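Next up: just one chain, as structure tokens, the form predicted on its own.
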Amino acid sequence: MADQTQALRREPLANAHGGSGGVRLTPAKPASRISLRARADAVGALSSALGLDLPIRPSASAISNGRMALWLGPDEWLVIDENGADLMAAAASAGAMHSATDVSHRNTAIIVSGPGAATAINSGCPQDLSLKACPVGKCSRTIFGKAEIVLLRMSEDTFRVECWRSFSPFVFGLLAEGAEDAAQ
């Protein structure tokens, strides 16, 4: 029998670096992700199976032990696990009707941090990122330049920008330009 080789997937932003004196851009570490859809009557069982309460308020998030659930719509969440857990298996163990799609290889993320982080993101995103309009824990599906992103405010000066891996060089480059502008 012939040996089969497996393709190794390289992280799309491996070795990427950028930022300025007031903004740091860091590729997020690899994570597992699912796009989860479920009706309200399945939220409790899925929350138990996933180990965190799925948020039910618009633009809310839940974070626990390296796992995040981001509310994207009345019946839709992006669930991210930074420890690489099998989220598909966890969701399947809920015993509740739902739809889960593994999007781990579709997405990647960029951490944007520092006092100029919101300014750098606003270079390509029209959303109001003031703390009053966008408090810590708020998430949204929005645009950055020409790319769709999911944005999570992790702390006062730190954001997680989720994007499709095919758009990640564009998003990272535009963020780097925004970071330079934020420094001026």
Partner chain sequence: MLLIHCPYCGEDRSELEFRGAGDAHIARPTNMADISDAEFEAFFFLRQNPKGIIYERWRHIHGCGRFFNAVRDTVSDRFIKTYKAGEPKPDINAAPATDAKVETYEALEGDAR
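Residue numbers count along the first chain shown, from 1. Keep in mind that this is a model prediction, so the values were computed, not measured.
As for the form predicted together with the partner chain, it is not shown, yet the points below apply to it.
Enquirer: Please tell me whether the candidate spot formed by 71, 126 and 143 is one where all three residues come within 4.5 Å of the partner chain in the predicted complex (heavy atoms).
Expert: Verified in the predicted complex; spot residues all in contact, yes.
Enquirer: I need the one stretch from 111-119, 24-32, 154-162, 55-63 whose residues put non-hydrogen atoms within 4.5 angstroms of the partner chain in the predicted complex.
Expert: Checking each option against the 4.5 Å cut-off leaves 55-63.
Enquirer: With a 4.5 Å heavy atom cut-off, would you call residue 75 a contact of the partner chain in the predicted complex?
Expert: Heavy-atom contact with the partner chain at 4.5 Å: present for residue 75.
Enquirer: Taking the partner chain as it sits in the predicted complex, is residue 148 in contact with it (heavy atom to heavy atom, 4.5 Å or less)?
Expert: Judged by the heavy-atom cut-off of 4.5 Å, residue 148 is in contact with the partner chain in the predicted complex.
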